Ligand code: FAD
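Below sits a lone chain in structure tokens, taken as the form predicted alone.
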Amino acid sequence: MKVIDHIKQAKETLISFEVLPPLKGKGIEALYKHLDPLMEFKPSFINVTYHRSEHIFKKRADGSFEKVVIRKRPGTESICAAIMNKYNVDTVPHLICGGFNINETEDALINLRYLGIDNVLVLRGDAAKNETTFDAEPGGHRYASELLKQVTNLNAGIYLEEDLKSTQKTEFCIGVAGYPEKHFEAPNMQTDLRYLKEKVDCGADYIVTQMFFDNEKFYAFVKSCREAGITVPIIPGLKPIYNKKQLTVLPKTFHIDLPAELANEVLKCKTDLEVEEIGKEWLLAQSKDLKKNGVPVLHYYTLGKPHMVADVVRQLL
């Protein structure tokens, strides 16, 4: 079922989770172990992230260097299918610009359709490792809006090969990302909202946000979206704090603020277990408030800490 249909049919706030695919060379058992404690809550869908390929340089025998492209977490399409098969739950693979040309993207979408997956989250993706700016792959997309247009073209039966006859239309439900605290590359929030509205106008069905720790920033973001004419559902993205290092890592990596009250409580902690308790309390309070205010879905970034998220959701439901 499509994400948008889950939302339309829901009588109360839904639950969803986000996971990483296994590293190359690892089995899928660790991912199942990660998901097992979360499935008791009957999530409406599971997002599966994707990270772009990386370039490394390997030294040849003659002393020169060879540029090699590697993907550390391949197989997102098959991982989504495996999750659907094991748990009978809908999945949402992330589809990114970085590291793919338009033909590879079309092939990935065709494979997803064959597997019975009818949801995608369309993202530009990050810059390549050790690079400060995003560069499109040769023959690839530079912006998420361009990638989104390719998906909507397939939904209309328009493929890259113009001479194809009697093509079948895909039926992808398309999600896009939103940033309550502004995308770090946007000069201001107004510009960021304009780009977001362009994606919605191009066919996005819903928005899922970057993580945030201050609900008031989410509510202000939703209000600004509505005032800008963005009417699609907006799903809040939530993540637990579980160690002191995150006080510096999260703002630096994701360009977000942590509330002073939360940071001060974490700084008082002497162990990571104490931080986890603070993190769970904060996440539960956020979740209760968002649910009370009628958000369509609570989307949890579970990466690394499924039991923390499970403890919170168990108290919430």
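The first residue of the sequence shown is number 1, and the count goes up from there. What you see is a predicted model; the values in this text were computed from it and never measured.
What follows is about the form predicted in complex with ligand FAD, which we do not show.
Taking a 4.5 Å heavy atom cutoff to ligand FAD in the predicted bound form, the contact residue among L109, C80, A144, I174 is A144. Listed residues Q150, N215, T170, Q210 were compared with ligand FAD in the predicted bound form; Q210 is the one with a heavy atom within 4.5 Å. With the partner left out here, ligand FAD still marks one of 88-96, 160-168, 241-249, 226-234 in the predicted bound form; by a 4.5 Å heavy atom cut-off that stretch is 88-96. Heavy atoms of E185 reach within 4.5 Å of ligand FAD in the predicted bound form, making it an interface residue. Contact annotation for L123: at least one heavy atom lies within 4.5 Å of ligand FAD in the predicted bound form. Ligand FAD is not shown here, but in the predicted bound form it comes within 4.5 Å of a heavy atom of E198. Ligand FAD in the predicted bound form is approached by T49, whose closest heavy atom lies within 4.5 angstroms of it. Across the proposed site, Y32, F45 and D118 without exception lack any heavy atom within 4.5 Å of ligand FAD in the predicted bound form. Along 298-315, a single residue, Y301, places a heavy atom within 4.5 Å of ligand FAD in the predicted bound form.
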